[in-house]
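Next up: a single chain in structure tokens, the form predicted on its own.
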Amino acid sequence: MSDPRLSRRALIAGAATTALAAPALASIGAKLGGMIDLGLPGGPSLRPTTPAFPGKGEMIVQRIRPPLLETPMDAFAKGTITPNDRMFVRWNWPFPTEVKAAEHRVAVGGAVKAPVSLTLDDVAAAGEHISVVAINQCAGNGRGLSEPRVTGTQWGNGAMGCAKWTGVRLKDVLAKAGVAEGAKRVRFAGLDVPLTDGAPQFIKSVPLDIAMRDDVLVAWAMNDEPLPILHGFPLRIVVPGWFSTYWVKMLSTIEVLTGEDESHYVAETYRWPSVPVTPESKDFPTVPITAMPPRAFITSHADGATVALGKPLVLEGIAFGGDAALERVDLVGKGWEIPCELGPDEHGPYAFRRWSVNLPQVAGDFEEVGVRAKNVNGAVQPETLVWNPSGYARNVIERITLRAQ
């Protein structure tokens, strides 16, 4: 059932609630607050923080225009849902700072029986309103921790978040136009535009079988509120279990393809090696980054924190299974491991899940302790980094050291 606040009429709310004030954006650089150390081994590690972005709490600033905002890890210390004001922000190109919802249209074309141009009311009427809780994670999350260093945004581990997404199934929107025979992929574009002439538009596509899944959405709500403009108002694609590069924001075009997608962000980038590589490797085959692997994090204690010698210790954190449900989490050290207790499965297979472990007595320092997640398909976090030249899909066990005093 959909939230009553998210009716069709609420979906086409006035433009005043869907705009970023240009003066506010222009002044953000002057309002940067403190600094945070992301612990990046390969380069400058300090980043400014700011509460100045509209609708945002304190965020780590990777870039102002177009915005790249990272979630501080302490935002994940409690609960499993990331509030809208703490969800990371990632845009490839500038986007409109004002969207008039009543005028917005989504064109559905390509290999269809009858192309259509849909209003937001049309999209909302396309099918059953459903909600899915799913993790939205940048493919480059944790890239800044790669050794050797790789190019791209030097994220810590905060380019992720978990939210409740509400909308209609993509397949029901496609049905408004009718998918033609021979269809292979479904491609999406939004209102963001390249910064320079000749640069490629941000366009992404998924195979038809993914597009027709019951949990792949055209969403208008995030945590029971209309999508914030920083997160793609008025509509975005949601592909649970897949990296957020496919979650196209400010959706304006849906195109059905009968062949492979040769656009830049599918055929040329957001790809990684299909064979093991080293920093010296050249001319290796690549495949698109798609599904997420499992990951787990300690959120109760930061690296270098002190713990009480001789006292009990409780460690806590979050974990997820990636493209499948989480099966288990283990606390791992140098030559030892302890199973963790999983919290309730509140939100389904694509969500964060809490874990905890009770240690009866701290006998000394915990050197390089971490947590290892495994999903029900058998995928498990590796002990060592699987390096690739873009720093994609990091899921090595993240380790910290705790000092006993």
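One-based numbering along the sequence shown. If you're wondering where the values come from, they're calculated on a predicted model, not measured in any experiment.
Below, we turn to the form predicted in complex with a small molecule, even though it does not appear here.
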{"property": "Proximity to the small molecule in the predicted complex, single hit among 135, 123, 238, 138 (heavy atom within 4.5 Å)", "result": "138"}
{"property": "Proximity to the small molecule in the predicted complex, single hit among 255, 330, 215, 192 (heavy atom within 4.5 Å)", "result": "192"}
{"property": "In the predicted complex, segment of 293-301, 322-330, 105-113, 83-91 with a heavy atom within 4.5 Å of the small molecule", "result": "83-91"}
{"property": "Touches the small molecule in the predicted complex: residue 206 (any heavy atom, 4.5 Å)", "result": "no"}
{"property": "In the predicted complex, residue 247 touching the small molecule (heavy atom, 4.5 Å)", "result": "yes"}
{"property": "Distance check, residue 231 to the small molecule in the predicted complex, heavy atom within 4.5 Å", "result": "yes"}
{"property": "Close approach of residue 76 to the small molecule in the predicted complex, 4.5 Å, heavy atom", "result": "no"}
